[in-house]
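Shown here is one chain on its own, the form predicted on its own, set out as structure tokens.
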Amino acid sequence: MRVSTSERTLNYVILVAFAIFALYPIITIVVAALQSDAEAPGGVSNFSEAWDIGRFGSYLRTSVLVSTFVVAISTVLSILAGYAFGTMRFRGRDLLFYLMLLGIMMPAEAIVVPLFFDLQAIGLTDTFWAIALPQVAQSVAFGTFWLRAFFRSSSRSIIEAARLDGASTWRILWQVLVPLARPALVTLVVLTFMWTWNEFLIPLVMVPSNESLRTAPLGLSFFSGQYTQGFALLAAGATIVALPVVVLYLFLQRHFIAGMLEGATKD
């Protein structure tokens, strides 16, 4: 399709406008993190001050452990569930799938209070599992929905050829379909990591008194109130907390965009 010069120019203008709209808040925070005030010396020293005062090393370590566990477990479970719902026929398949979709539609605010008392009854509050397990459940619901679409649209001829060669169901999944699903899996990993990293409500409610299990976003909220009143150190802390997600996205952006575009063409 031939695109005129005026239409191409208009497209660039719109894209530049959206880029400025998206990048302006980020640039504002980074610039604010380099400024000086009564509590901040200014420059890159603000980041070391925020790191030491806010104890972000401990908070980031907890977030990394929780995010890694949630991404790993939920990705494996999503592959298995998506493969079953997308390629197999069994009684109650559609009913079970729609029940799993409730995990996407149900907001965390609606379940966090009864979930807290359930975990308290079995002695899991104030533990690593109280933060990780609810987020695994939420991520598996979306991951199953996401990968079911991929497995449903996967080529039947490839699966039939693998069966004729004597491949088992397990082998077809892990050695034939999973390598083909790499863009969809990378997109799922990036989204799950980002949602888990930014989760605030579940760590706040499930770990009410164990300070060593505070995640980075939770630590940032306490940092702004307990350790500093200045905006420069707060901006530096916010930059530190957001940096791992930005680095992961930049590292995997090509596969992430490919997976999003591929998913947009599937039902």
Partner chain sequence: MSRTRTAGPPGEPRRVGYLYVLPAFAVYAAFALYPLLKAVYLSFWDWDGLTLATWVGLGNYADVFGDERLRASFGHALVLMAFFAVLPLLVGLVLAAVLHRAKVRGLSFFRTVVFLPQVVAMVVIAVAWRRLYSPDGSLNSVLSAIGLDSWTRGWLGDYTFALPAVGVIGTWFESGLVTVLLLAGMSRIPRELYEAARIDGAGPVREFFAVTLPSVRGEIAVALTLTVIAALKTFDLIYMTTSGGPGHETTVPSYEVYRQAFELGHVGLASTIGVVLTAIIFVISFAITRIGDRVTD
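Numbering follows the first chain given and starts at 1. Here the structure is a predicted model, which is why all the values come from computation and not from measurement.
Below, we refer to the form predicted together with the partner chain, which is not included among the displayed structures.
Engineer: Is residue 149 close to the partner chain in the predicted bound form, meaning a heavy atom pair under 4.5 Å apart or at it?
Structural biologist: Looking in the predicted bound form, residue contacts with the partner chain do not include residue 149, since no heavy atom lies within 4.5 Å.
Engineer: Heavy atoms within 4.5 Å of the partner chain in the predicted bound form: does residue 99 have any?
Structural biologist: Residue-level check for residue 99: yes, a contact with the partner chain.
Engineer: Can residue 140 be called a contact residue for the partner chain in the predicted bound form at 4.5 Å between heavy atoms?
Structural biologist: Yes, contact at 4.5 Å.
Engineer: My question is simply whether residue 186 lines the interface with the partner chain in the predicted bound form - judged by any non-hydrogen atom within 4.5 Å.
Structural biologist: Contact with the partner chain, no.
Engineer: Of 68, 36, 58, 28, which residue is found within 4.5 angstroms of the partner chain in the predicted bound form when only non-hydrogen atoms are counted?
Structural biologist: Comparing distances to the partner chain in the predicted bound form, the residue within 4.5 Å is 28.
Engineer: Only counting heavy atoms and a 4.5 Å limit, does any residue of 189-205 reach the partner chain in the predicted bound form, and if so which ones?
Structural biologist: Read in sequence order, the residues that approach the partner chain (within 4.5 Å, in the predicted bound form) are 194, 198, 200, 201, 204, 205.
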